[in-house]
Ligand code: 5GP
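One chain comes next, on its own, written as structure tokens: the form predicted alone.
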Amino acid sequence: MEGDCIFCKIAKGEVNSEIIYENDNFFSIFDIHPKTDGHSLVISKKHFENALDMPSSLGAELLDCIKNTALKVMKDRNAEGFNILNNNFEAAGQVVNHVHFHILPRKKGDGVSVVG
């Protein structure tokens, strides 16, 4: 479903979105249904259905995008911490079948519940 994939369309510039950070293989944007202030998504530029489909060789670039996105969003939102979430397959809550990681900026006492 690469042709209908919203994240592929954003990666190709077919759908406009504010880019927070990007490198050669990943980019980050704000989630359109945020769970916290600054909730962001780190998305692969190439279409992989889930984390199991993504080559391990992309790990360093993935971590680079996660780190730089989290640092920027935490600073901009005065957050005290963050969660990284990745849902794989429908049973685990994956809605868009394109690998992506959620960055949830957190503040002490914000009332957000994350399974951990």
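Note that the structure is predicted; figures quoted are calculated from it, not measured. Position 1 is the first residue in the sequence shown; the rest follow in order.
The same protein also has a form predicted in complex with the named molecule, omitted here; what follows describes it.
Asks: Is it the case that residue 30, even though its partner is missing from this view, gets within 4.5 Å of the named molecule in the model of the complex, heavy atoms only?
Replies: Result yes; residue 30 sits at the interface with the named molecule in the model of the complex.
Asks: For residue 106, is any heavy atom within 4.5 Å of the named molecule in the model of the complex, or not?
Replies: Taking the distances in the model of the complex, the answer for residue 106 is no, it never comes within 4.5 Å of the named molecule.
Asks: Taking 4.5 angstroms as the cut-off for heavy atoms, does residue 93 touch the named molecule in the model of the complex?
Replies: Yes, residue 93 sits close enough to the named molecule in the model of the complex that at least one of its heavy atoms falls within 4.5 Å.
Asks: Give a yes or no for residue 114: in the model of the complex, does one of its heavy atoms lie within 4.5 Å of a heavy atom belonging to the named molecule?
Replies: Heavy-atom contact with the named molecule at 4.5 Å: absent for residue 114.
Asks: For the named molecule, considered in the model of the complex: do all three of 8, 25 and 63 come within 4.5 Å of it, counting heavy atoms only?
Replies: No residue of the spot touches the named molecule in the model of the complex.
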